[in-house]
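This document opens with one chain alone, in structure tokens, the form predicted alone.
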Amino acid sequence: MNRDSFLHNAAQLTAEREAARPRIAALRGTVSHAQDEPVPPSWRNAGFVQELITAAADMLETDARESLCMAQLALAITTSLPHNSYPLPIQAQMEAFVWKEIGTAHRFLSEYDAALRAYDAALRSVRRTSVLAHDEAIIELARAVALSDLGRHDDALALIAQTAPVLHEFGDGSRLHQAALLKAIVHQRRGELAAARTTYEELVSLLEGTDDLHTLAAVYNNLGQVCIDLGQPSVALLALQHARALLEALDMPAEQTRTNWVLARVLLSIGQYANAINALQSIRAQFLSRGMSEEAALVGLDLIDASIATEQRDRAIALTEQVIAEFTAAGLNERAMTALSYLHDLVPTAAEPRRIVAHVRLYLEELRREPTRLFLPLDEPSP
């Protein structure tokens, strides 16, 4: 592409994006209905698609399902554009980032198979041309996050090692920090807590004073969780409060809710049950309002645990029934239903019900990464 062509395309895309912004702003909250209607001719351009991708990314934290609908509308428009409407690099990059945004929305919704399929489609698009190496590295890093969530840590680390030199070559310091953060998360998930804490603390030193507040918030959040597991609740609380303040400043309510959840679990671990219950009830309601049923179920288990700890077994039983009903309505993994039914049956009479709650909670967390994992009762369930 020569200089004149580049400038022409840049001017065209700028004009298309400016025209698209008010129309896309009007779509917020109604985008699912727009998918059922014919695409207006004025929407069929790359600028409109790029603005849809931006809008999908912006709403990911507040409403992942709506973000997914926005990205899917962008895909529908992209596939309807006449062949050779734009130079190949623009077309390939546009398709790739539509698929990437679809993948990330699915990941936020714990729909990991769909997320990985979308990331694979993004890679196929970006590899149609040889000039998008940086974009390919960005997509591979997003895919590494999903692989780590699924417990495929070696695969995630391999992608990080593959993408880091490319990110360094393009001077993408922010994503290099994200790659380092993901390596620390892998340490944490493998139970290598001291190594994880050291890496998180190194990242805090690197990021303090920079404008990469999103990554810094994530580092503080994970540092707090590691310190909980290391039996250092006071250090954990301080780190989590830093994370929450940053996320509030960044206007990232979904991530702020996740951080509040970890804070509530700290309160639960140190016996501040009344405060923990109040926080968990609010957090659970927020997850349910965003359609994040699996997160809401796990918060429900924390509430069940707190209810048992405060001698409210009837409340614990009612909460278990409520979580089962929500899982059923959402059509989620039937294996989770087996575990929850097991919990429901044993909570009324078990001598150590909190041990059963912890067992079921661990299983549900693992089930998100391994959807075919079988549920096994405790070796010697309490009578």
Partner chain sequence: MTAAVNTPAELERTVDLGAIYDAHYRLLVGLAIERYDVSETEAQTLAHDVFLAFITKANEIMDARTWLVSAICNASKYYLRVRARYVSLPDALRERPDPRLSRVQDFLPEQLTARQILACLIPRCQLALHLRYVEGYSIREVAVELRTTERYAQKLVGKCLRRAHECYRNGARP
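Residue numbers count along the first chain shown, from 1. Remember, predicted model here, so these are calculated numbers, not experimental data.
Keep in mind that the form predicted together with the partner chain is not shown, yet the notes after this line are about it.
Engineer: Given a 4.5 Å cut-off on heavy atoms, tell me which of 301 to 309, 88 to 96, 263 to 271, 276 to 284 is the interface stretch with the partner chain in the model of the complex.
Structural biologist: Partner-contacting stretch among the options: 88 to 96.
Engineer: Using heavy atoms and a 4.5 Å cut-off, decide whether 9, 38 and 108 all contact the partner chain in the model of the complex.
Structural biologist: Yes: 9, 38 and 108 each sit within 4.5 Å of the partner chain in the model of the complex.
Engineer: Heavy atoms within 4.5 Å of the partner chain in the model of the complex: does residue 169 have any?
Structural biologist: Residue 169: yes, in contact with the partner chain in the model of the complex.
Engineer: Is there any non-hydrogen atom of residue 138 lying within 4.5 Å of the partner chain in the model of the complex?
Structural biologist: Contact with the partner chain, yes.
Engineer: Applying a 4.5 Å heavy atom distance criterion, does residue 21 contact the partner chain in the model of the complex?
Structural biologist: Residue-level check for residue 21: yes, a contact with the partner chain.
Engineer: Is residue 175 a contact residue for the partner chain in the model of the complex, using a 4.5 Å heavy atom cut-off?
Structural biologist: Yes, residue 175 is a contact residue.
Engineer: Note which of 164, 195, 81, 288 lies within 4.5 Å of the partner chain in the model of the complex, where distance is taken over heavy atoms; exactly one does.
Structural biologist: Checking each option against the partner chain in the model of the complex, the one that comes within 4.5 Å is 81.
Engineer: Exactly one residue in 319, 339, 60, 356 has a non-hydrogen atom within 4.5 Å of the partner chain in the model of the complex; which is it?
Structural biologist: Among 319, 339, 60, 356, a heavy atom within 4.5 Å of the partner chain in the model of the complex occurs only for 60.
Engineer: Could you run down 42 to 61 and flag each residue that has a heavy atom within 4.5 Å of the partner chain in the model of the complex?
Structural biologist: Result: 44, 50, 54, 58, 60.
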